[in-house]
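Next up is one chain by itself, shown in C-alpha cells, the form predicted alone.
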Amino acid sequence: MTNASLTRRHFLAAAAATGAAAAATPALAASSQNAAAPAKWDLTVDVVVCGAGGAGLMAACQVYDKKGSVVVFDKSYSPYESATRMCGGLYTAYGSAIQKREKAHDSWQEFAHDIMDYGSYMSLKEPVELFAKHSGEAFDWLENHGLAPHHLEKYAGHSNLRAIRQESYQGKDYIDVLVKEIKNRKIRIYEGTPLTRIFFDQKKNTVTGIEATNIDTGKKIRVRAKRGVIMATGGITGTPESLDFWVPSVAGKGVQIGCSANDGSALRVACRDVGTPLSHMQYIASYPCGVVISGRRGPYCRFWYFTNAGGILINKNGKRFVSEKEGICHITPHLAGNPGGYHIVFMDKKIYDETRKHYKVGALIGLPSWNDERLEEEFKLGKNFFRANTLEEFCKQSGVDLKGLKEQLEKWNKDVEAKNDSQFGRTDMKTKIDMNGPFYGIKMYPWNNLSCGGFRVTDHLQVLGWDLKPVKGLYAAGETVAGVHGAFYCGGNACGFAHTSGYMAGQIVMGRTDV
C-alpha cells in the first residue's frame, strides 16, 4: 500500500484489525454515508452543547455571555442527575481568589506537575495545562455568582493548598449556581433528549450540527451549529453494564456509582459519525472506600478522616498493607491483593469519637441523606459497619483473623512509642490503639466513580479526529476529555476540570485565544 492510498477508510480498517481503535470501528460503516447536513435544519444556533452537568452548563453560560446563541441537549431529565451533583464538593484550583485571601503559595506549573505525577505521567499535556492555568478563573466565576460557603483544605496528592471544599460536602452547590444562571439567561435545555447523530462534512473536516432524539416521544431535532458543538456528555460509569463494557478489568467488582445517563453512548456516536478515536479508556478513578449496601451500589467512606485521627487500614488477615497517608487512588490497586478484595478502617472508641467531633455522618459516609440513625442501623446489621467491646467479638463480626490483628496492634503501638512506622513509613505516629476496646471498623471495596478516558483534544479543547488532527467545530469538556488524570485520579481534579474546561470551551468556541 502506498502512502497515497492510506486513506481514512484504510487507516481505520487497519487499526480495527489490530485492535488499536476498536471503539472507533463503527465509523467504517457509517462515516462515508453520513451527510454533511440534513435536508432541513429544525434550529440554527451558534453553539450546541451536549450535556447539562457542570461542564455543559458552564460552557453554555460562557457562550451566552460572549453574545452567542446556544442550546443544550441532555440525556438526563435534570442537571441534578449529573456527576457534578454526585461529587463531594471538592474543587481544585490554582490562582483562585480564596487562595489569594488565604495567602496560599502555588503556581500553575506546580499544579500541572502534581496532576502528572499523581497520574504516573500518563496524562496528556494539553488538557492538564489548560486546567492548571485557568482553574482559578473558572472557580472565581462560580464564587462571584453566589456559590455556597466553602473552605480550603489539605488533600493528598496536592503539594500546595488548592483543594476547595464546599461546607455542605455536596456538588449540588455548583449545580445550584449554574441552574440559576442558565435560567437568568433563558438558555433552553432539552431534557431527556440525547445526542443521536453528528452531521459531519468529511471533505471539509467540519462538524456542522447534531441530531438529538427525545426519549419519550421519539421526536428528532436537527440543529445547525454555526460555530461549533461542545461535547460535555460525561463518562462511562453510569451503570454496572456500561462500566463493565468499557472497562473489563473492573467487571463485576466493587461498587459502581455514577449518573445513569453517563453510559458512553455519546462517545460511540462520535466514533461512528466522525471517526474520533478514544484514548485512556483503560483508566478509571477507583477509590478504595466503597461500602457495598445493595448489589454494586453503596456510599463511600472518607476513611482518611479516621486514619488522620489515628486509625489504621487492615485486611482480612488483620494486617496493615499500605501507609494510610498514601493517596487514596494509589491505595486501590493494593485491594486486589487483599483476601476478599477489601479492607477495613480499624480504630478504638477514642479515635472514633474524636473523628465524630469534627465530622457529621454525611461528610464521613459521603451521602448527605445518611444521619446518625441510619448509621446506627448499619452498626446493628454488622455487615459493613462493626462495633464490639472486645477484639474477639470484633473479629467474629468482621471475619478478621484474631491472631493477625493482635500481632498488628502490638506492632503498631510499639511503632507509635518509637515514632517510627517500621512497616510503611507513616510519619504522623501519635496515637496508640487501646487494646481494651471498644473497637470500630468499616469494610470497604473499590468505588468506581469516574472514567479517565474519552476524546483527545488540543490545547484549545478541539477534538482530534482519526488522523489526530483537530476536527473543525467539535469541542469537548469535562469527563468526556481523555488524559486529564492519567493512570490515577487525584481528588478535586474532576470537578475542577469539568467547570474549567466548560468555562474555557464556551469562550474558545466564541473566539477566545489566550489559553
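So that there is no doubt, residue numbering starts at 1 and follows the sequence shown. Keep in mind that what you see is a predicted model, and the values were worked out from it rather than measured.
What follows is about the form predicted in complex with a small molecule, which we do not show.
Chemist: If we define contact as a non-hydrogen atom of the residue within 4.5 angstroms of the partner, is residue 290 a contact of the small molecule in the model of the complex?
Modeler: It does not: once the small molecule is placed as it appears in the model of the complex, residue 290 has no heavy atom within 4.5 Å of it.
Chemist: Within 4.5 Å, heavy atoms only: does residue 232 come near the small molecule in the model of the complex?
Modeler: It does: once the small molecule is placed as it appears in the model of the complex, residue 232 has a heavy atom within 4.5 Å of it.
Chemist: Can you tell me whether residue 439 touches the small molecule? I mean in the model of the complex, with a 4.5 angstroms heavy atom cut-off.
Modeler: So residue 439 does not count as contacting the small molecule.
Chemist: Would you classify residue 265 as touching the small molecule in the model of the complex, given a 4.5 Å non-hydrogen atom cut-off?
Modeler: Residue 265: contacts the small molecule in the model of the complex.
Chemist: Taking 4.5 Å between heavy atoms as the contact cutoff, choose which of 259, 112, 98, 163 touches the small molecule in the model of the complex.
Modeler: If I apply the 4.5 Å criterion carefully, the residue I get is 259.
Chemist: Heavy atom within 4.5 Å of the small molecule in the model of the complex: which of 345, 142, 225, 87?
Modeler: The residue in contact is 87.
Chemist: Only one of these stretches, 382-390, 271-279, 346-354, 67-75, has heavy atoms within 4.5 Å of the small molecule in the model of the complex; which one is it?
Modeler: So the stretch in question is 67-75.
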